[in-house]
Ligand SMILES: Cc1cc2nc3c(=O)[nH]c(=O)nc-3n(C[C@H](O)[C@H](O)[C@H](O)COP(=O)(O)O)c2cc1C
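Below, in structure tokens: the form predicted alone, a single chain.
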Amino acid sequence: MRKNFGPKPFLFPQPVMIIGTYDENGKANAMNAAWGGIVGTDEIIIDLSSHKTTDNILLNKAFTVSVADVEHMTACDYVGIVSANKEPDKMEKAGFTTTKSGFVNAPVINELPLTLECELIDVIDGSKFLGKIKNVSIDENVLGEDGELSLEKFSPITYDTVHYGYYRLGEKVGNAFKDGAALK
């Protein structure tokens, strides 16, 4: 027996994305966003209501998307509940420092190990920001021996849209494009 819930955003895991932008004075800002994801090999879409961040994206036609991790969960939640319009020292209070992206006019948050550096392509239906991923930068501390991102070293968190919790992603359970071959 199944229970129907109607239309809900129950797709898991739901990434916890920290959107980085610059304001009109070049000051870095960040906000926590849950509604979005990858829509192609080099595109991402984020659904945002009106924020300082959305004003900044429209101004600069650029943004970064960093993936929240276990180590910085509190700071990542903080930038989602506090507006830069009301707290001018939001980034400092979160403990975040930034470096300007070399690919787009947006900040890379130094403390978060994985960042997608994006150029705004379009705004769809007034709230869905479609970006082209111009570069992905990854802290070397979360790279494996093969020089690629290692989920054994990087601990991203996922957002529970049902109970509003953050969860650590689990262990490796299989091999993509291989394990299914046993059913051929």
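Throughout, we count residues from 1 along the sequence that is shown. Remember, predicted model here, so these are calculated numbers, not experimental data.
Heads up, the form predicted together with this ligand isn't pictured, but that's what we're talking about next.
Legend entry - 4.5 Å heavy atom contact, Tyr166 to this ligand in the predicted bound form: Looking in the predicted bound form, residue contacts with this ligand include Tyr166, since a heavy atom lies within 4.5 Å.
Inset, instruction - Decide whether His51 counts as a contact residue for this ligand in the predicted bound form under a heavy atom distance cut-off of 4.5 Å. - result: Because a heavy atom of His51 falls inside 4.5 Å of this ligand in the predicted bound form, the answer is yes.
Legend entry - Contact test in the predicted bound form: Asn110 vs this ligand, heavy atoms, 4.5 Å: Flag for Asn110 set to no.
Legend entry - this ligand contact in the predicted bound form: Asn32, any heavy atom under 4.5 Å: Yes, Asn32 is a contact residue.
Inset, instruction - Check, residue by residue, if Glu119, Val123 and Lys128 all come within 4.5 Å of this ligand in the predicted bound form, counting heavy atoms only. - result: No, the candidate spot makes no contact with this ligand.
Inset, instruction - Name the stretch, out of 141-149, 51-59, 66-74, 111-119, where some heavy atom lies within 4.5 Å of this ligand in the predicted bound form. - result: One stretch meets the cut-off, namely 51-59.
Legend entry - Interface residues of 143-161 toward this ligand, as seen in the predicted bound form [heavy atoms, 4.5 Å]: Contacts from 143-161: just Tyr159.
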